[in-house]
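Structure 1 and structure 2 below are two forms of the same protein chain, each written out on its own as structure tokens.
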Structure 1
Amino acid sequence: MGNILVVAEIQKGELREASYELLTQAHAVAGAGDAGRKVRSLVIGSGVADAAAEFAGKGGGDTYLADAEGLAAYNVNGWEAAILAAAEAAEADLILLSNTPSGWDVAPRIAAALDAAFVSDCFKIEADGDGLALYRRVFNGKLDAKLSVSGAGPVVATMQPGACAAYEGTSQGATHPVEVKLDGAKAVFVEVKAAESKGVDLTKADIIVSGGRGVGDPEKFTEVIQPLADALGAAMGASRPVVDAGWLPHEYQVGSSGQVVQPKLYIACGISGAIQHLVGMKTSNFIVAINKDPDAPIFEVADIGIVADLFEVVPALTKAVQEAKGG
């Protein structure tokens, strides 16, 4: 049984939260399997030695560093060369990447180069005897599929961001440079065009107050939902029907086709709980659901369910929070 290689990503000069989520999965698998299995990591970029040292001490263990000017921006050929070099040095039989544009671009190439099993967009990985069990959602989130991989040979997997909490432990590990040959690269980085962000990164919010079709119209989000979010210091989210209707931009959408979130508190207001929405928020630490329909599916995942008119409950909650805070 080999080791586990976590491929970290750097975004705007900082290690992505999703990379620490990969460490949570990696340590869970390593701890459940052979005691000799180690977690190793790889950081790719230019001038990222400090980031690699940080990752090594926060769960990454011995961390390989692919540091070159030609790697300052994502380049699929450079990443492929770096990952293959690190996988060989780490003696890795499980390579984990985030299911981000970079991850889903390079991961199939790594699998093909290693003649490895490949599973994309997993939300959980477990040790399963001498093999692995990888879980991913299928049929637009209606079912969870378990894929078993056994026998010799490496496995490459991409993990869904937000599917688990970020790793909070520490580790002892040094950084080790790996040489990456960039001559003859077929892909050339041109530029990044980032869409203007008008909302909040819901994946980083500790509290989210979401509204659904039951809110009625876009003005009610401003009048009812946003005040509760403001009182709690929370981010505001929405279900897909709200976004499809044009009431809020797509960046507010929680669900399988929006953002997958795992806040400490999730308050669902007027959301019935279609499977696509549940997929995006059901792993929240604590869920409060407010809906007039006692049979709404949202109550199946809620820790507290309130069967009532949200236009009576939400303003009352807002007032109570404000009074508790001395407002």
Structure 2
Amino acid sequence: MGNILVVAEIQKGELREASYELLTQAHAVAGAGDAGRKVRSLVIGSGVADAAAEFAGKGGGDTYLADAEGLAAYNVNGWEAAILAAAEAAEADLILLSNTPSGWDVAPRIAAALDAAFVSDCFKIEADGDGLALYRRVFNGKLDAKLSVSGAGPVVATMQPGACAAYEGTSQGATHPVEVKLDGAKAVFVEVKAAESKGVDLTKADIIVSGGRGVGDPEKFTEVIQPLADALGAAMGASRPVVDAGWLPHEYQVGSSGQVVQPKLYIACGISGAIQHLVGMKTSNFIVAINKDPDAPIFEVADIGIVADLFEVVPALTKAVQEAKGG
């Protein structure tokens, strides 16, 4: 069997936590297989030799270094070339990336280039005999899937950040430069625009009442969700489809592409609980979920769940809160 190549990521000058999580997975799979299978890594960037050396010592093993000015920011052509060069040098038949904006952009291209099996956004990968068992969510988190790989060809997989603990072991590894041809790139990085400053800062709220697609239309937000928020002295939040449809501005969005919040109380109304929403609120101190679907994944992270029509429960709750405050 071939080796395992871990593609590390640097963000704001530091190796990402998610990259160390990849190492946890890589060592678990390598340890279960034949002893000859090694964990190797790749660090891409500009002026990142120290980061590569650090990674090589903290579990990354022999680490390839694609270090060039043209790689200072992510760009799909440069990353693709670097990963393919490192995969070949590492004799890797399992390539692991994080399911981050760079990872999901380049990983499928690597699989297509290598005619490899591809599985994205895994929360767990296990050695299964000679093969692999890969676990991931489907239907926006409503169901889980167990997948396997057929044939002996290479495998490319991306891992959901935060799905496992970061690797804490050490390793002895050297860094090896890899040559990356950068001219002729057809995708050129221009700039990163920082997130716009928020008129509504949900991170400071003690209580957030959030509505999702289940609220149905913008008027219902004003009629049903807003009054509960007002009664509780809470901020209002929303899932992405609410913002996409223009019912509320982006600053109300909770989740991986919105705000990450941690209030004392989070009340989710008509929100199914897709992972991208959960990462934005699951560390809240207390979570209440109101959803008519008993299988909605939001109930996995909630402290209290109510399977009901939100249009019955929420107005009744608003009234009860008003009474409790008035009385």
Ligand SMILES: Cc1cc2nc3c(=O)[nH]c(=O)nc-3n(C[C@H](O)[C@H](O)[C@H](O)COP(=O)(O)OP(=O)(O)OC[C@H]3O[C@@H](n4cnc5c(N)ncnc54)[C@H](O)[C@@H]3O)c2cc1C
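FYI, numbering is relative to structure 1, first residue = 1. We call the rigid core whatever largest set of C-alpha positions still superposes within 1.5 Å between the two forms. Note that this is a predicted model, so its numbers are computed, not measured.
Both panels show the same chain in isolation, but it is structure 2 that comes from the form predicted in complex with the named molecule. Relative to the superposed core, residue 124 undergoes a C-alpha shift smaller than 2 Å between structure 1 and structure 2. Once the rigid core is used as the reference frame, the Cα position of residue 291 differs between structure 1 and structure 2 by 2 Å or more.
When the rigid core is held fixed, the Cα atom of residue 245 travels 2 angstroms or more between structure 1 and structure 2. Core-aligned Cα shift between structure 1 and structure 2 at residue 254: this is 8.6 Å.
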